[in-house]
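Encoded as structure tokens, the following chain is the form predicted alone, with no partner shown.
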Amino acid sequence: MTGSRRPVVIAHRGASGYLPEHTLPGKALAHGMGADFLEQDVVASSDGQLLVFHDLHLDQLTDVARRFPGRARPDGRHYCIDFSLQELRTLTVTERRRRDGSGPRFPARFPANKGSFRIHTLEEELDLIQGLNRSTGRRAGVYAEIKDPQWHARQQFGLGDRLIETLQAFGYRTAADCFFVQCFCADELRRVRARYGSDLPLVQLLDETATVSPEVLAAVAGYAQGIGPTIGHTWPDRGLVSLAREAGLLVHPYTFRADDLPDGFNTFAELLTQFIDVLEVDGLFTDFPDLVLAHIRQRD
């Protein structure tokens, strides 16, 4: 350890290493584990409700095909925005399945097709987080993603504005309110920055194809407070972290999974040591917030 930097721990879709992703029980568990932030991917329903759900379509995470036969689009998928909230509430959420339908994406996690987990709205999740913050006396923050805003725009839905205005209605307005808004679309982040002002804490997500350079990061710093790169972007050296710091950007890489280690690491502890103690990232997205927090406590 080269310094006293303590990274924030972001519960990736909740405590998704233990309970199905983006379910209220999974969020409550992550809060109880002590996560600093809880993540919300946000998509829309047909009747304009904001859902906390990762995918645009329902097939890998619910029983939609069985409950609503004949409602798929020509590509064979059932899209959230084609169903009302009332219809969506009838679905059972389960562990993520592989895209080819061959079984669960993470076989050792919560048993597939067990439990009675449901889809919920952003408002319901914010109520839960704020209620738990009050009852526990600790302050877990919100980390919401504008999910594919261009796709939603083609469906005649302004997702970014609705998400930010909902957050503001719950008191999330500046970084002091303990929240971030993230997105892969730079144009959308620039747009919401221009519309909602400089106090909105924004994070530019970077996928594995993103080009990163001092010039790119300087441009990002003009509209965002941080970047969310993949583990692959951040590893194996300090290059990206150093460049981001020079640009004044936070670095919150994703996704740290104890049951899905990247090449070059034999244990989760090795992975965490590299990113927390050597690279000194500012925060990290993880399916296992308890393990990351235990690592930080043991290090300290």
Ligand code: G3P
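All residue numbers refer to positions in the sequence shown, first residue = 1. Treat the numbers as computed from the prediction; the structure is a model and nothing was measured.
What comes next is about the form predicted together with this ligand, which does not appear here.
The closest heavy atom approach of residue 37 to this ligand in the model of the complex falls outside 4.5 Å. Under a 4.5 angstroms non-hydrogen atom cutoff, this ligand in the model of the complex lacks residue 157 among its neighbouring residues. At a distance threshold of 4.5 angstroms between non-hydrogen atoms, residue 57 is out of contact with this ligand in the model of the complex. Although the partner is absent here, residue 205 lies within 4.5 Å of this ligand in the model of the complex, judged by heavy atoms. 184 is the sole member of 106, 223, 184, 170 with a non-hydrogen atom lying within 4.5 angstroms of this ligand in the model of the complex. For the candidate spot formed by 12, 41 and 254, every residue has a non-hydrogen atom within 4.5 angstroms of this ligand in the model of the complex. Exactly one of the stretches 158-166, 74-82, 143-151, 118-126 approaches this ligand in the model of the complex with heavy atoms within 4.5 Å, and it is 143-151. Counting a residue when any of its non-hydrogen atoms is within 4.5 Å of this ligand in the model of the complex, the one hit in 270-286 is 285.
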